[in-house]
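Encoded as structure tokens, the following chain is the form predicted on its own, with no partner shown.
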Amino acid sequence: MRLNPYFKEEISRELKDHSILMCYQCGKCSSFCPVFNLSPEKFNPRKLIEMVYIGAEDVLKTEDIWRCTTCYECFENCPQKVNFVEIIFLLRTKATERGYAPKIPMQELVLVRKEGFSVQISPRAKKWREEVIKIGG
């Protein structure tokens, strides 16, 4: 794992409240997280913040940042009011910019932009939609 001593500052600077610097790793974020409570081996908010804190830029390559449901339970229960969800949004943005976003959600996004749906539309369904639009419009 490659460490970037400037990664924590980069993340902190881009967060408006700099709250990540207030985290003292108490683990309340994890204990109230519904995803952590279902599968602690796959998602741990406290560990993600720790990775940012030590400069482990490889956190952008992990699937973990995509498992957060953005329910804000972590933020609601954090004694330091570290806004973990905003950190997740920023990490996802950086991961996408650097080409680390998971392929399937990105393919679905392209389909939504192109077709209006996240799944490939069959030629039959496409023809039916065109006929409905002609009748209605």
Partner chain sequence: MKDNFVYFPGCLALRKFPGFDYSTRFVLDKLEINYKTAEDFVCCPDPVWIRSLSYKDWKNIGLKNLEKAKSLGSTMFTICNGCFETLYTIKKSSANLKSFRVEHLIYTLWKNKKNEIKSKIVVPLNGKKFAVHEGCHFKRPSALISEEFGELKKVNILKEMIELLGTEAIVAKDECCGYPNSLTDKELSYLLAKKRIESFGEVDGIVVICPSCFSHFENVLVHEKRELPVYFYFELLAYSLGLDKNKIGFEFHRIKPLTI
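Numbering follows the first chain given and starts at 1. Model, not experiment: these values are computed from the prediction. Definition used throughout: the rigid core is the maximal C-alpha set that superposes within 1.5 Å between two forms.
Unshown form predicted in complex with its partner chain; subsequent notes refer to it.
Interface membership of Thr93, defined by any non-hydrogen atom within 4.5 Å of its partner chain in the model of the complex, is confirmed. Among heavy atoms of Pro79, none comes within 4.5 Å of its partner chain in the model of the complex. Val59 falls outside the set of residues with a heavy atom inside 4.5 Å of its partner chain in the model of the complex.
In the model of the complex, none of the heavy atoms of Met51 sits within 4.5 Å of a heavy atom of its partner chain.
In the model of the complex, its partner chain lies within 4.5 angstroms of at least one heavy atom of each of the following residues of 54-85: Trp66, Arg67, Cys68, Thr69, Thr70, Cys71, Tyr72, Glu73, Phe75, Glu76, in sequence order. The Cα position of Glu108 differs by 2 Å or more between this form and the one not shown after fitting on the rigid core. A movement of the C-alpha atom of Ile121 reaching 2 angstroms or beyond is seen between this form and the one not shown when the two forms are aligned on their rigid core.
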